[in-house]
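Next up: just one chain, as structure tokens, the form predicted alone.
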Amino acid sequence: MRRFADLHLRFPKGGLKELEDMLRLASDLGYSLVAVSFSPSRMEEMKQAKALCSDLGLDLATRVDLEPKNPGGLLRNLRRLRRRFEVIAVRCLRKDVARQAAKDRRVDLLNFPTDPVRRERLRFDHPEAVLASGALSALELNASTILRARGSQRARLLATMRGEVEEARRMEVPLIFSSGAESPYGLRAPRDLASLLTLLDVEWEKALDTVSERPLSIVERNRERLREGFISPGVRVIRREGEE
């Protein structure tokens, strides 16, 4: 039986009360794990959200969305925040930032502009796919990006995103599909979310993987890396009883 995950819930403008509504709805829709994007200044709210999720039987992964102005800024943020959050996404608003993020093994998700015109210029392209294929980065697409576009803009956006999906498939870069919701109205049931991805020529079973196995594996991998004593995958330092 599949377990479902939505890796991108934005912290809502309505604060913790609205976030509580979102988390309750996510639980009712059948998600077992969600990631909420917190800024480093919201650590206390993050603790309260974790407590609420525990009561709901919902697993909460902590996420930060970085929006660096240059590659140097990205590297500084990664050094500062990698061990404080379970999921790190980078909003790729410049090509040099996108390529640095794609090759850095501390980056989990690559996110590209939501505006259809900017997306054509700053799309996920072959050089980034090559770099990501040798690292750990996944390409994240958000349902909110598709749902907000209208008319001819939506058609252009879907064409661009189809090209990104094909590039990711060709280079075996993992694809993650998230809601990008910033209110309860932006949430969708897991299978409804996956059905949107079929608009991008993704087969049904593979679309389901993008909201289940793949996002769950990212969180599991990072939680292992954040555990005390972690050295590398499968290698940990074990303290013997009596050692200080």
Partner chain sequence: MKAKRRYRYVGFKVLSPTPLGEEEIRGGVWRSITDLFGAYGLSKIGPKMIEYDEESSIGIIRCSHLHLPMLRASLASITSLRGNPTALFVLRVSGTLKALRTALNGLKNSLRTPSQGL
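Positions refer to the first chain, counted from 1. All of these numbers come straight from a predicted model, not from anything done at the bench.
Form predicted in complex with its partner chain: not shown, discussed below.
Residue contact with its partner chain in the predicted bound form: Pro184 places a heavy atom within 4.5 Å of it. At a distance threshold of 4.5 angstroms between non-hydrogen atoms, Arg150 is in contact with its partner chain in the predicted bound form. Not displayed here, its partner chain is kept clear of Leu226 by more than 4.5 Å at the level of heavy atoms in the predicted bound form. The closest heavy atom approach of Leu16 to its partner chain in the predicted bound form falls outside 4.5 Å. The candidate spot formed by Arg63, Glu205 and Leu216 is out of contact with its partner chain in the predicted bound form: none of the three has a heavy atom within 4.5 Å. Among the residues Leu196, Leu175, Leu58, Met46, the one placing a heavy atom within 4.5 Å of its partner chain in the predicted bound form is Leu196.
Here the chain stands alone, but in the predicted bound form its contact with its partner chain, taken as any heavy atom within 4.5 Å, falls in 150 to 158 among 115 to 123, 150 to 158, 133 to 141, 97 to 105. Along 12 to 48, these residues reach a heavy atom to within 4.5 Å of its partner chain in the predicted bound form: Lys17, Asp21, Arg24, Leu25, Asp28, Leu29.
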